[in-house]
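The form predicted alone is given below as one chain in structure tokens.
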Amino acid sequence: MEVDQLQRTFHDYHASLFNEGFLDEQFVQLQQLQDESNPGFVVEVVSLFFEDSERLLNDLSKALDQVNVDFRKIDAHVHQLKGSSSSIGAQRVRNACIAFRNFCDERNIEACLQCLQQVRQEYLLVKTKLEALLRLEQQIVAAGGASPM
């Protein structure tokens, strides 16, 4: 694919992530922090988000699997995941975390387990979408175009 076509594909895909509510304005701000002196900034921050999210999701699974569920610990994990998803603009993950925290306050184990599945699903969706966006960026650069980020 030629550079112009790749760039059009990138911009259309990028717009769809906002239109579908996967990303919000925070992601644009993250992109604006990337420049020639730090060309891998967005990839680095997004990769850290993936690592942190997977660790937190595993911690949440373990915490909810305990005989005596510590809702304060669960709430702390969800709060951390909400913060990290907010920082990169992963809007749907953040919104699922808000609902999750409400059920932690109510100490509702069944609802927390359902929310964990919802958060995990939203995380996996945004991860797939961001990986595709970053691959498109790499293809543009490899084809000789300027980074669209």
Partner chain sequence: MEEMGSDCSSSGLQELHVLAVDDSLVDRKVIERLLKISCCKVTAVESGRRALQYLGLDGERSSVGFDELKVNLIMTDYSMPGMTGYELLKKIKGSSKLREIPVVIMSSENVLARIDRCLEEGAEEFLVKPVKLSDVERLRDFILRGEEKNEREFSRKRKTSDDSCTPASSPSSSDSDLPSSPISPISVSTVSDEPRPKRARLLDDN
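Given the structure is predicted, the values throughout are model-derived calculations rather than measurements. Numbering follows the first chain given and starts at 1.
Separately, the form predicted in complex with its partner chain exists; it is not shown, and the next lines address it.
Colleague: With its partner chain left out here, work out from 42-50, 120-128, 106-114, 63-71 which stretch has heavy atoms within 4.5 Å of it in the predicted bound form.
Modeller: Contact criterion met by 42-50 only.
Colleague: Give a yes/no on whether S84 approaches its partner chain to within 4.5 Å in the predicted bound form, heavy atoms considered.
Modeller: S84 belongs to the contact set for its partner chain.
Colleague: Does R92 reach its partner chain in the predicted bound form, with heavy atoms at most 4.5 Å apart?
Modeller: Answer no; every heavy atom of R92 is more than 4.5 Å from its partner chain in the predicted bound form.
Colleague: Any of the heavy atoms of Q32 lying within 4.5 Å of its partner chain in the predicted bound form?
Modeller: Answer yes; at least one heavy atom of Q32 falls within 4.5 Å of its partner chain in the predicted bound form.
Colleague: According to a 4.5 angstroms non-hydrogen atom cut-off, is I88 in contact with its partner chain in the predicted bound form?
Modeller: Yes - in the predicted bound form, heavy atoms of I88 and its partner chain come within 4.5 Å of each other.
Colleague: Even though the chain is shown alone, can you say which residues of 91-128 have a heavy atom within 4.5 Å of its partner chain in the predicted bound form?
Modeller: If the 4.5 Å heavy-atom criterion is applied to its partner chain in the predicted bound form, 91-128 yields R94, I98, R101.
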